[in-house]
Ligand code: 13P
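Only one chain is included here, represented as structure tokens and corresponding to the form predicted on its own.
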Amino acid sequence: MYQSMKGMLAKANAEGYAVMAINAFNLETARGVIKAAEVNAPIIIVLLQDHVMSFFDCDILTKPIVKMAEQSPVPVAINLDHGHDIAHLKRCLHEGFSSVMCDASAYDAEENARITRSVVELAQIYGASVEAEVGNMGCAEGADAHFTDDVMYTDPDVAIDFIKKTGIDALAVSYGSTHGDYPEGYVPTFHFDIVEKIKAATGAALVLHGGSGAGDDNMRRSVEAGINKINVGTDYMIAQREFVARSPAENPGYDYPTLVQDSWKAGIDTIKHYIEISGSTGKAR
């Protein structure tokens, strides 16, 4: 069943669980996300805008994934992740994305709200939902690696005002997580009071980005604090990368088409683990 995040997150918000949002970048990885959710859980396929623009653009990628979603027995949404290029975000809506993240967090609060509000008004025409971000999560990988620190945390008062001004369906909150793969053994410190204050004042659906490696206890406590959507990408991709790295050595006759087709299956257990932690197992109806 293909739908927007709006109904999914409203149900999660009312019943106190979170919906997993898993990063994919092609048909195989999207298929893995959907198959993992067929433990009777709602699921969100997250397509990072930078990936869409670099690999398969929205005019090529969207419709086949929508078809897979329509054929699935569980609710499936497609959400554009970190949509900072607004012109491209609009193209994604036109091509059939059921949800978009308008990421104008690099701007000041007023400009972020103005840009986001304009996207909300456009998305309503398409029946799509909108996520936004206040604050800024760091990135643990690459030349600009920088863990989330105090100055990057979401200011609850700014977030509360932002939600009221924009009419968004979900807000990504920075309270300790970082995008990417943490160093081995590192578990981030989460500031749950940020989530709790925003939730108490607005009742809005709130989002955790950078869920990979954040720690099972942090995730469970996040859901208790009011998180209703958890983004995970790195752990899903690592599981597939490790499968591809070891399989040719274990089976030298592994042909490439079969290797590619089998690789997405290697990440299914990872997704199922996070679905269980999020409390969304059995919540597809």
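Remember, predicted model here, so these are calculated numbers, not experimental data. Numbering starts at 1 and runs along the sequence shown.
Although it is not shown, the form predicted together with the named molecule is what the next lines describe.
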Taking heavy atoms and a 4.5 Å cut-off, does Gly180 contact the named molecule in the predicted bound form? yes
Even though the partner isn't displayed, in the predicted bound form is Gly210 close enough to the named molecule, meaning a heavy atom within 4.5 Å? yes
Are any of the heavy atoms in Gly32 no more than 4.5 Å from a heavy atom of the named molecule in the predicted bound form? no
So in the predicted bound form, is the named molecule close enough to Val232 to count as touching (4.5 Å, heavy atoms)? yes
Could you tell me which stretch in 77-85, 104-112, 184-192, 153-161 has residues with non-hydrogen atoms within 4.5 Å of the named molecule in the predicted bound form? 77-85
